[in-house]
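Given next are two forms of a protein chain, the same chain in both, each as structure tokens and marked structure 1 or structure 2.
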Structure 1
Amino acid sequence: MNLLLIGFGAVGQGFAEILHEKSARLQERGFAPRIIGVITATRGGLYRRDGLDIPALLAAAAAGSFAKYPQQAGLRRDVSAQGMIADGAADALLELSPTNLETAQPALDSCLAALEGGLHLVLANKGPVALAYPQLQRAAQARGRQLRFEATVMAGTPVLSLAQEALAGCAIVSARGILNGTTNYMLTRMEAGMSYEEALAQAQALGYAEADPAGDVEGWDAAGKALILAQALFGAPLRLTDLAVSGITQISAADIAEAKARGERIKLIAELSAAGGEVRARRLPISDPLAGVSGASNALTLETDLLGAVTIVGAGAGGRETGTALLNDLLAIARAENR
């Protein structure tokens, strides 16, 4: 399976590392993915029909520019995303560029071009799914291609496949959880005495935060994930205006200490139903299972009609943690193609 990547930040690099480490094991299972093209906003682009060398790609990214990638036969450095798609050698596009929750662009145009060009589409970028899922789904169906986006919510923790595949016979009536790794990490570190600024800087250094971390701390990242969940869980095309959104910018170390003294913890909680929802910081009693979710972990409780509450807890952010979802989505595409 030949892959194009748009974006090569923490997630793209984490995915490439995993692919390289697991390549022998994947080949034993009859799955041989190759990265043939990568386009970035800041490091340049690379395209080679016979595949790019992953260690060299990672080294060039670490050095800050794909100009450091060694010359190889058939290598092109000047292709656009549309040019790579139009060349016809790729099987899937991985959209991993920074999320834009206002317009979903420029990613949305690349996603539509990929589907219209007959490629499968896998996203870690939340914008196109949160704002334009029906349009993407129509384009995918028109060409018989797959659209997968497990990486957009709770990193590699398989919350979408849980809801859509494992619980396919249930109706999900509501959901409540922690959907942002950066803020959960910050709140955990602040309870241990770290300042807001230092905790945010660490979350950025660990690859948890968005390119612009305002989206994390103001609640918009969790809200974007809530829109994706509304679509995936309830088939409800909600908009950001259907959600009441606030973040943790107003939370001080003193608030956290006071909550702790009362046997409570402050968490950024998302609540969602088909009618709308909210994202806001709440004080939870320490006995609430969500109060025990720490660091960059996330959790989501699904209220189902047949099974009651089902809760999933796991990684919520991080390059390799999110790259894991991309690999699992690609394996799902390969399984469906071989059926």
Structure 2
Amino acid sequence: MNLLLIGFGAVGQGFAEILHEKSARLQERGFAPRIIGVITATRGGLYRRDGLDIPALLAAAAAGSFAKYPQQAGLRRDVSAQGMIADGAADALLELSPTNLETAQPALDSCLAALEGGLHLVLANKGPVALAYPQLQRAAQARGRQLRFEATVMAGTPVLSLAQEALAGCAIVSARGILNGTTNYMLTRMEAGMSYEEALAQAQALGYAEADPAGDVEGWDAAGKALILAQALFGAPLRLTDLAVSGITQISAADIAEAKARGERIKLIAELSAAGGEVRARRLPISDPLAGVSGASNALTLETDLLGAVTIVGAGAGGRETGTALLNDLLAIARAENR
């Protein structure tokens, strides 16, 4: 399977590392994916129909420019995404560029071009799925291609696979969960005695929060993931304006202490059903499975008709963690093609 990657930050590099490390095992399973093209906004682009050398690709990325990638026979530099798709050698596009929850561009145009060009589409970028899922789904079905996006919600933790495959016999009535690791880490540290400002500074130092943390602490990252879940679980094409969204910026150490004294914990919770949803900080009793999720972990509780509440907990961020979800989606595509 020949792969095109748009974006080669922590997620793209984590995915490439996994492919290199697992190559022998994957080949034993009859699966031999190759990265044949990579496009980035800052490092340039590389395209080679016979495949790119992953260690050299990672070294060039670490050096800050694909100009450092050694010349090879058949190598082309700075080919556009449209050019790579049109060349016809690729089987799947992995969209790994930064998320835009306002327009989903420029990723959305690349995704549609890939599907219309007959490629499978795998996303870690939340924007296209959150804002244009029905359009992407129609385009995939029209060409008989697969659209997969496990990595958009809880990194490598297989929440969508759980809901759509393992729980396929159940009706999922509602879902609620911790979908942002930055805020969960901060709330955990605040319960241990830190102020909001100290917890945020530590989250930024550890790489959990960006220099501008608004997307996390104001609830928008969790809201984008909630939109994806609403569509994947309930077929509900919600928009950000349909959700009541607030974050943790108003939570103080006194709020944390008061909740603790009452046997509760404050968590940023996304709740959704076919009727709609919200994202807000809530007090949970200690007995609630979500209350025990600490640090940067994510969790989701699915309320089902047959099994009751089913909770999954795991990593919600990280390059290699998210790269694991990308690999699992590709393996699922390969299995479907071999049936």
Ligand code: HSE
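In this text, rigid core is short for the largest set of C-alphas that superpose within 1.5 Å between two forms. Residues are numbered by position in structure 1's sequence, first residue being 1. This structure is a prediction, so every number in the text was calculated from the model and none was measured.
Two forms of the same chain are shown on their own. Structure 2 is the form predicted alone. A movement of the C-alpha atom of L187 reaching 2 angstroms or beyond is seen between structures 1 and 2 when the two forms are aligned on their rigid core. The rigid-core alignment places the CA of G207 2 Å or more apart between structures 1 and 2. With the core held fixed, the Cα of A132 is displaced between structures 1 and 2 by less than 2 Å. Core superposition places the C-alpha of I251 3.6 Å apart between structures 1 and 2.
Taking the core as the fixed frame between structures 1 and 2, we note the C-alpha of Y196 moving 5.2 angstrom.
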